[in-house]
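Only one chain is shown below, in structure tokens, and it's the form predicted on its own.
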């Protein structure tokens, strides 16, 4: 009797599992990407049990947008490229060689990957005075505002969560990142980390308000906070429709990611990496990439607002993959050009940067808002 009960329960469990797998498969296949280039391979794999579920998940548009492109895989590829490119470019401008020893035949092209492996295997030292729980948790928790905007960044019909308030949500999550940076300096319990945190807080107020005003100006231009509407209305690029907001946004990207000439919170010669000075090992690897990831998010939004988003070339065999690829290429090109400022400008003092943020920069953003309202009425 007991064996019959166990057998019956097993049958019920198997049916429930089959129903769950079948339901998930229907959900994934109902919103799969269409990529003619790999269609024969996809058709073959869809005939294999369980493998077909994995393939359907990977090609499910919300999953693809968040995990593949422009999501986490795109972010990883960008990180491997931009760290190497920035070092090489700066070295050439300053008549140096730059990374060369790792993979010498290809001029040190995998230096960033080697750095990541080194950080992963290094010991993460936690000094006695640190607030240990927060010190360890904050670099990990900081990825929450990094990852959440990826849910709302569309690329054609590939998007995690489609909402008419996508632009506002992206800005809201990006604005949370400095709070974690300030908290890391506090958790480190070090005077130099404190100084870096205070500098970050001062810089935050200096750029955040003009940055938000510039985004609001573009929302007025397009009449909506929906990224799809913003891209559809760019028969003329947003950079031309509102060049003042374009300039404000570029300066905001540089200030918000602590890039020269606004590398004030870190300031290697003065406070040796500021809020992150006490971090080492894998924890340092996480916090080092934090501002690069923030730059990636801001550049994605920049491309959507000012450069036509995913609109560009279309290759038929790429199908739905073409839009994410165009958006990613535009974003990487923008960032690759933007890092040039690191090589040619000296660092501002903190008081100079704050004065700039609260005077001419704020004035320029208000002018951009007025222009955006005017253009929005005309368009």
Partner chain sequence: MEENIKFLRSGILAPIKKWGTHWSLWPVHLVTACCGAELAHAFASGYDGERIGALNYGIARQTNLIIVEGAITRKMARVLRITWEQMPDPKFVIIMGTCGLNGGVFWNSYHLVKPFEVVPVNYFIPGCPSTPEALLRGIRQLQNEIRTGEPRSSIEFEKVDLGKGKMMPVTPKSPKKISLAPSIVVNVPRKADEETKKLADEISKLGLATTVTGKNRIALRVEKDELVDAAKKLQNFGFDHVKNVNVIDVPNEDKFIVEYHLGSYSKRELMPVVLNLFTELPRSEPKLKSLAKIFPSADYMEREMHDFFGVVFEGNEWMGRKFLLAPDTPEYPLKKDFKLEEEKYLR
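It should be emphasised that the depicted structure is a prediction, and the values quoted were computed from it without experimental measurement. Residue numbers count along the first chain shown, from 1.
As for the form predicted in complex with the partner chain, it is not shown, yet the points below apply to it.
Residue 224 near the partner chain in the model of the complex, any heavy atom under 4.5 Å? Because no heavy atom of residue 224 falls inside 4.5 Å of the partner chain in the model of the complex, the answer is no.
Just to confirm, residue 160 within 4.5 Å of the partner chain in the model of the complex by heavy atoms? Heavy-atom contact with the partner chain at 4.5 Å: absent for residue 160.
Counting only non-hydrogen atoms and a 4.5 angstroms cut-off, does residue 114 reach the partner chain in the model of the complex? Judged by the heavy-atom cut-off of 4.5 Å, residue 114 is in contact with the partner chain in the model of the complex.
Any non-hydrogen atom of residue 137 within 4.5 angstroms of the partner chain in the model of the complex: Flag for residue 137 set to no.
The partner chain isn't shown here, but in the model of the complex which of 79, 212, 288, 201 has a heavy atom within 4.5 Å of it? Residue within 4.5 Å of the partner: 288.
Tell me, out of 277, 142, 170, 303, which residue has a non-hydrogen atom within 4.5 angstroms of the partner chain in the model of the complex. Of the candidates 277, 142, 170, 303, 277 is the one lying within 4.5 Å of the partner chain in the model of the complex.
One stretch from 115-123, 235-243, 174-182, 213-221 that, in the model of the complex, holds residues within 4.5 Å of the partner chain by heavy atom: Correct option: 115-123.
Taking heavy atoms and a 4.5 Å limit, what residues of 78-96 are near the partner chain in the model of the complex? 87, 94, 95, 96 sit within 4.5 Å of the partner.
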